[in-house]
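Only one chain is included here, represented as C-alpha cells and corresponding to the form predicted on its own.
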Amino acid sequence: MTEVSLLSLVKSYGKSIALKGISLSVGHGEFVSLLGPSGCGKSTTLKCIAGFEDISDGKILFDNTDISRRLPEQRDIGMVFQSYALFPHMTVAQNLAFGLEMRRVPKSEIATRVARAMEMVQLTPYAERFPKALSGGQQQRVALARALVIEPAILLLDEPLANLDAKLRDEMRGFIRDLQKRVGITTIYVTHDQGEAMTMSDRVVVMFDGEIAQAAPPEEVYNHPASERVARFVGNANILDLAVTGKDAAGSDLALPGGGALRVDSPAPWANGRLRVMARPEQIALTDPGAGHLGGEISKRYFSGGHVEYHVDTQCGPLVVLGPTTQTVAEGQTVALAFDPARLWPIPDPKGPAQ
C-alpha cells in the first residue's frame, strides 16, 4: 500500500488555472473520492497523479518519493476510465493479460494472475468472450480486473460508473468498495455523483474552481459542511438566516419569524447580529399548526418511494422536508415545522464573523 501526497499542486493551461495550489494526503489503503461539479478540477487532479498531465508547480509524492516528473508507466498505477477502454478484438482473458505481457511477466505467472483476477471480479466463465458480448457492468468489472492484475500501488478511477443505468450503478458501488477493501489498495475516485462519494469513501474531497473546499469523512461533510456552497452541493440543504438574540460560550439563541425561537448548541460564526444555520430535509418534522417552531404551508408534495418530499412556504423562505410515507399531508395544508436543535449546523458567513 502506498501513501499519496499532493503539495501545493498547480496546473495551468495558458492563462487559465485549473488547479490553484491544492494540497492533499491519501493514506495507505484509503479510499478517497474527489467530488465536485464539472470543471472543478477533480479529473485534472487525477490526470496529474497518473502522469497524463504535466504539473505547472508543486509536487506529487508516492510514499515520500517525488514522482512529479515521472512518465505514467513509471508510476505503478492502475487506471479505470469512464469509457472502460477495453480492446474490442481481445477476449476478457487477453485484455487482462495485455498489461502483464507489456511488463514481460513470465507466461506461467500471467496465466495464474489472470485466473486470480477473473475470479476476483466473478468473471471466470466469461474468459473467452469479447467485450461486445458483455453487459456494461461486466465490462466495468473487466476494466477493474485489468487495472488490478498488474498489482499496482495505487488505483485511480475516473467516473467509472457514469455510463451505467441507475440500478447497475448501485450494484457496482458496493462491488468496487468491497473489492477495494479486500485488496487493500490506496484508491482515488473521481465523481460528480454525491451518492457515490458518500457511500463508497473513507473521505470525501469536495472541490470548486480548482480548490479544495472540504476534505473529511462523508458524515462530516454531510452534517457539518465547511461552507454554504458545500452544504448545497452535497444533498439538499435548508439555510435559515436568523437573528441572534443571545450568545454564550456554548452556543447562540436565535429568533424565528412569528415568535418562535431556537438554540444552536455550538460556537457559531455569526456576523452583524445574524446567523445562518443549515437543517437537512430529514432533520425537520411536520407537525400540526402551532405545535412546532415555524409555521408554513405545503406548496408541493412528491412521493419518492421510501419517503415523501414536501416543499413548504415559510416566513424563512421555501424549505424542503422529508416525511414518512405513513404521514399524509396535502398540498395547500397549513403545518408547522419542528427542528432538532442538536442537529442544526451554523454556516460560516462569507463576510466573516462579527468583530
Partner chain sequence: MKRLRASLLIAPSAALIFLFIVLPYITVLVMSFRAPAEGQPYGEGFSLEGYTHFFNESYYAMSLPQTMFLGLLTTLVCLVLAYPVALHIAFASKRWRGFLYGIVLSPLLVGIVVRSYGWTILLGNSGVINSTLRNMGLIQKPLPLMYNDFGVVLALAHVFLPFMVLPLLSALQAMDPAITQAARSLGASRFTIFRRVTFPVSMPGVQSGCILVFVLAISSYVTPALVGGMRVKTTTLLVVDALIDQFQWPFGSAMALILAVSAGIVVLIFARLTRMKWT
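Everything numeric in this text was worked out from a predicted model, so none of it was measured. Numbering follows the first chain given and starts at 1.
The following text describes the form predicted in complex with the partner chain, which does not appear among the structures shown.
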Review point. Is the partner chain close enough to 85, 89 and 150 in the predicted bound form that each of the three has a heavy atom within 4.5 Å of it?
Key: yes
Check your understanding: Quick one: does residue 136 come within 4.5 Å of the partner chain in the predicted bound form, counting heavy atoms only?
Key -> no
Point to revise | the partner chain contact in the predicted bound form: residue 77, any heavy atom under 4.5 Å | key: yes
Exercise for review: Give a yes/no on whether residue 98 approaches the partner chain to within 4.5 Å in the predicted bound form, heavy atoms considered.
Suggested key: yes
Review point. Even though the partner chain is not shown here, does residue 103 get within 4.5 Å of it in the predicted bound form, heavy atoms only?
Key: yes
Check your understanding: Where does the partner chain sit in the predicted bound form: which of 283-291, 309-317, 65-73, 296-304, heavy atoms within 4.5 Å?
Key -> 65-73
Review point. Which residue, 182, 132, 167, 107, has a heavy atom that falls within 4.5 Å of the partner chain in the predicted bound form?
Key: 132
